[in-house]
Structure formats: C-alpha cells, structure tokens
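Given as structure tokens, the chain that follows is alone and in the form predicted alone.
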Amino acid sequence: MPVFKTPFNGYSVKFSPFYESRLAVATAQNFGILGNGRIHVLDLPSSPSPQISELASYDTADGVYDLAWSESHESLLVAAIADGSIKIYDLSLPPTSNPIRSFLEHSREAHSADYNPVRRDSFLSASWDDSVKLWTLDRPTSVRTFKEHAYCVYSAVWNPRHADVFASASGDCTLRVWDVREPGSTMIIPAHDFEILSCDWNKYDDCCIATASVDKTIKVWDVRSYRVPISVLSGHGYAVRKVRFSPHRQGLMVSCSYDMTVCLWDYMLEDALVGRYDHHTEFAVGVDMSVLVEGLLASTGWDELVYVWQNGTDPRAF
C-alpha cells in the first residue's frame, strides 16, 4: 500500500468498521503542543497504486488526538480535540455542515475516544482532566462522568462483549475496570510503576486486557486474577504509546512507541515478538488493525506520514 503525507503530525489512525479500504487519521500541528488540527478520511486504492485518495478533511482550531468510528452509522466519526471538546462529523454532509455536534465538558485535552461495539449507541471520551465521560448522540450533555483517577486518563476502551463494561488507563499508574451500572470502578489494577498510556481488551477473551506504559513494556492481564500479569512483553526502547489487540487472532497484538517502531506480538508464544517495523522517522503514536481485512495494519507518527501495509511486508516497499 502507498504512503500518505499529512501537513501536521499524526496522532491516531482508525480503520472503518464498514469499508475495508477506508481509514481516518487524526493530526495536530506543532506536535500537538500548540496550533490547529486536521482530520483526514482516506480511501485506499483497490489495486497497487502510488495514490491514496482523500475522501474528506476537516480542520479544527486545536489538535486532534484521537478518533473513533461509529459502530451504527457508517458516515459518523467521533473526534477527541485538544481544547477538551468532543466533535461529531458526518461524511455524508458537506464540510461546511460539519461538525454536526460539539460537546465541551472536559476542562483539559480530550485524549481518546471509543465507540461501544456491543450496544452501538454510546461512546467514551478520556481526558487530561482525570475523567472519563459517557455520551450518546441524542443527548446534548454527557450521560455520566467517571472521575476516580488521580492523573490524566489517556485511554478508555469498551469491553468487546459486555455493553456496560469498559477499562481506563491513567498516568496515575492504574488500570481501572468500570461497569456503567455501578456507582464506582469495580476493579483497580496497579499495573505499572510508571504512567499507563494505552489499554485494549482482547477481542476473543473478555477477561483479558493489555496495558502499555512509559516503562517500555506491555503487560497482559486476566481480570479474574490480576496479582501478576499473564505476560510481560519487552522489546521497545522507549515508552509504548498504543497497544491494539487483533480482531482476527487471539494472541496477536500491535504496538507503537516513542522509539519510532511498530511491533507485532503474540503473547501466547514463548518468543512473543513476531515482527518489528522501523519505517517511521519520528515518534510512532498511532496504530490500528483492520477489522475487515486480516493482517492489514496502519500507523501514523510525528513524521507526518501514514503507512498502510500487510503483516509480513515492508511498509516502505510501496
């Protein structure tokens, strides 16, 4: 697959759950410290070609840190913005009609967004204001705020099988598991000694979750017995920015790091590191695996590049 050059620094990349050739990219000017942002919606070519086509782009007054596709509407996209806002975009409408919603409740940067894959009617946002918020499209304000973390919440992700359960990863070094029907978190895991930047549930085991940390490691946990991790994956040279489980193979996951690499792991193998890609020339901060095409990966980073490739191939070969 070809490479796409963005005008700003890449922060997040997400494949569409409806179209196998479509992905969205979140970017921020000046490494996200100060300046504008832009969302790119890209279509991959159906045959080898030097060009990725841009279906749409949306400019924002502040950097865009994360994106989530709606699980119920193929044209809807949720964006987490550096000004603390959560914005909804509708690809079926002209750019001048977007965003169709803008929620501003977070008091600091909104850092992650995740759409409920089971109920498909709600989504989460996580923020540097130490909170997670639950939203639905039909309400002008958040449904609920979850505020137990003592520092920035970098990631909040829904359980892939339980509509009311999600996990959050924070700079306070804890992973928390929540049930929206309960008044507080149902589980607190002191997962690392340093900040936790990302977490993700295993798509084939709803009791299994991975955490990625500034301590350069990824840990895999069983929430039924979490005194010690199932696996500790070491191989990155700097902080691990994001981890994502494969939608197609139980043990497989992908990670990206400030060491500029993307790593592929199978935590069920003795030699867990099964692939390493060093195509980025700056911090690699966004990575995803396609739900619709097995083995299709995408990454983005501060080098302003988006790579899409098949597992086992060199992303730079195109």
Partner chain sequence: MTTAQSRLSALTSHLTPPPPTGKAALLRKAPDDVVITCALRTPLTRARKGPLRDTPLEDLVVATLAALRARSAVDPAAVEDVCLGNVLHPAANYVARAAVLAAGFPVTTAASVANRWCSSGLLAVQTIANQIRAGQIACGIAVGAESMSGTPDGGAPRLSARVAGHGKVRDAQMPMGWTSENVAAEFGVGREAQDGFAARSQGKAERAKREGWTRDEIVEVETEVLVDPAKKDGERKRVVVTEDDGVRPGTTAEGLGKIRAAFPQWKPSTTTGGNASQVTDGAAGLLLMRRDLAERMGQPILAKFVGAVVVGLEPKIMGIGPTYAIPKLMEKVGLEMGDVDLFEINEAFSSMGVYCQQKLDIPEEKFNPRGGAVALGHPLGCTGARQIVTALSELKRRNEKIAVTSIDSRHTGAEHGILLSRPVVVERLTIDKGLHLLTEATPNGKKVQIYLEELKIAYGTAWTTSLIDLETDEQKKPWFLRLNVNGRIPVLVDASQSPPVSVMESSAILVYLQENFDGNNHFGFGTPHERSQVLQWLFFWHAATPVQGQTRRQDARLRLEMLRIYSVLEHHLSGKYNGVPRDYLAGDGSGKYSIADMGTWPHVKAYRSVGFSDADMTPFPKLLSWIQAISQRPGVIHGISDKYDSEENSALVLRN
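Since this is a predicted model, take the numbers as computed values, not measurements. Numbering follows the first chain given and starts at 1.
The next section is about a form of this same protein that is not shown, the form predicted together with the partner chain.
Heavy atoms of A239 reach within 4.5 Å of the partner chain in the predicted complex, making it an interface residue. Taking non-hydrogen atoms only, G251 never approaches the partner chain to within 4.5 angstroms in the predicted complex. Shown alone here, E105 lies farther than 4.5 Å from the partner chain in the predicted complex, counting heavy atoms only.
None of the heavy atoms of R181 is located within 4.5 Å of the partner chain in the predicted complex.
Annotated contact segment (heavy atom within 4.5 Å of the partner chain in the predicted complex): 193-201, selected among 112-120, 142-150, 91-99, 193-201. A single residue from the set L292, M268, L34, L273 has any heavy atom within 4.5 angstroms of the partner chain in the predicted complex; that residue is L34.
With the partner removed from view, the residue among D129, E71, D83, D172 that has a non-hydrogen atom within 4.5 Å of the partner chain in the predicted complex turns out to be D83.
With contact defined as any non-hydrogen atom lying within 4.5 angstroms of the partner chain in the predicted complex, the contacting residues in 205-230 are V214, R224, R227, V228, given in sequence order.
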